[in-house]
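Taking the form predicted alone, here's one chain by itself in C-alpha cells.
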Amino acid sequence: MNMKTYINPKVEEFAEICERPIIESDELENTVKSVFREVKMNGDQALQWYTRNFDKVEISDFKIEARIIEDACRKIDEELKQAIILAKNNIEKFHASQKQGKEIITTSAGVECWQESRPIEKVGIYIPGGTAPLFSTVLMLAVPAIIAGCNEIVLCSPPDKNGDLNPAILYTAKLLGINKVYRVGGIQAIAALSYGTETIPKVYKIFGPGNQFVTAAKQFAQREGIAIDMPAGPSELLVMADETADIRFVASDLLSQAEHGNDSQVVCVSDNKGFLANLEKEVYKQLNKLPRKDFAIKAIANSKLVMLENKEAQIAFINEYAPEHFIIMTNDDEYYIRNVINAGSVFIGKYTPESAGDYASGTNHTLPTNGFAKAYSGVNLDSFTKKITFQRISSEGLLNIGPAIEIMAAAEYLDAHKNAVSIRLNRLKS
C-alpha cells in the first residue's frame, strides 16, 4: 500500500489530513467500564481473571519478589547495564535542572507571596511490555519521580506468556530502588492503580504510555478522581525535510516510530515533490529489512507525505498536526525552531534522531499524542509535584490592601469576606 501524498493542500484541508487512526469506540468504552467495575468489586481475583483472559497467562502472585529481581539482573549483560546507566545519568541531569528555588515576592509593602513545590506522595508508572518491553520508560518516569521526592512509586507492567517481566525492566527498577513491581498490564493494571487491591496500592497519579486500551483506561481513571500525566496514545512522528536532508536518515526516522505498532502514524512535510517520491521508495527499501516489518507496514498505511511550497504553510500545518515528535532537517532549522508552537519534543539537525530522545539524550519520551501537544507538555519534573502558594501579610500590609479587598468583596455581595478584613482593620485603627 502506497503512502498517501498531498500536494499543496489548502489550509481548510489541514484538519482532515491531521486526523489520526481512529482508536475510540463504544465497545472499547464498555470494556473499560466493565473491567474497572470488576476490579473495584473483586480486587486481585478480578485481576487474575482478566490476566488469564486478556494476556493468556495464569498469575497467582502479582508482586515480583526481590529474589526474582536479583535473578533477572544476572541475565543482563554488562554492555546493556552500562547503556542504561549512561541514559539514567543524562536523564537525571536534565530533570534535576528543572528544579526551581523558592522566591519570595513582595507584591505590596507588608505583603509577601511565594510558591513551593511538594511531591505527589503516591504515583503509579505503567510500563508497556507486550511486543516491545519499554524498560527505557522506567527511567523516563521513575527518575523525575525520585528527584521530585515521591514517597511511593508503584510499577505495573504486563507479563509475558510465561508470567514473567522482561529482565531489563526489572534491572532498571532495581537500579532506581523501586521495590513495588507488579506483573499486571492493560486496563486491569490501570484499574488496580486507581482503586487499589489486596496487593497493589492505590496511587494519586498514573503515568505511562500504552496502547488504545491503556489510554482509554487512563482517561476513565481520571473520571474516577485519579490524576494522569496526559492522554498519551499510539506513537507518532512528523519530519520537516527539504531537499538538503539525507533521505536515508528521514526514512529511518519514520520507520523508527512506525515499528511501535499498527496504530502509530508518521508524516513527512517537504517543499519538494521529488524528495517525497524518493523518500517513499527508501522507506519501503528499509522496511523490508526490519524484523518488526509486520507492525511497521500497517503503521505506514496510516502515514502521510505532505508537499507545501512555502514555509508559512508548512509551519501552519505542523502546528495544526501538533506532533508528539518533531524532527527538523532543513537548510533553515532556526525558522522552524522559532515558529513551532505545538509539539511534544523537537529534534534538530541530521544527527539528532528521535531515538536519542527515546533513550539517552536526557529529555523525556513520555509525550502528548493525537494533537494534545496543543495543550499538554511532556512529562517533566513538575509532573510529579504540586505547587502550593503561600502568603504572609503584616499589619502594614493589611492596611495597604485591606480597603481594596473590602470594596471588591462588597461588590460581589460577599459580606463575610469583607468582614474578615474589616474586623482586623478596625483592630489596627483602634
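Residues carry their position along the shown sequence, with the first being 1. For clarity, every value in this text was computed on a predicted model and none was experimentally measured.
Beyond what is shown, the protein has a form predicted together with another copy of the chain; the following relates to that form.
Listed residue that, although another copy of the chain is not shown, lies within 4.5 Å of it in the predicted bound form (heavy atoms), from D242, E354, E280, D263 | After the contact test, the surviving option is E354.
Here the chain is shown alone; which of K93, K75, K285, K273 has a heavy atom within 4.5 Å of another copy of the chain in the predicted bound form?
-> Partner contact (heavy atom, 4.5 Å) among the options: K93.
Among 156 to 164, 208 to 216, 291 to 299, 67 to 75, which stretch sits within 4.5 Å of another copy of the chain in the predicted bound form, heavy atoms only?
-> Flagged stretch: 291 to 299.
Classify K4 as contacting or not contacting another copy of the chain in the predicted bound form by the rule of any non-hydrogen atom within 4.5 angstroms, answering yes or no.
-> K4: no, not in contact with another copy of the chain in the predicted bound form.
Mark L28 yes when one of its heavy atoms lies within 4.5 Å of a heavy atom of another copy of the chain in the predicted bound form, and no otherwise.
-> No, L28 sits far enough from another copy of the chain in the predicted bound form that none of its heavy atoms falls within 4.5 Å.
Within a 4.5 Å heavy atom cut-off, is D415 in contact with another copy of the chain in the predicted bound form?
-> Yes, D415 sits close enough to another copy of the chain in the predicted bound form that at least one of its heavy atoms falls within 4.5 Å.
Can T389 be called a contact residue for another copy of the chain in the predicted bound form at 4.5 Å between heavy atoms?
-> Yes, T389 is a contact residue.
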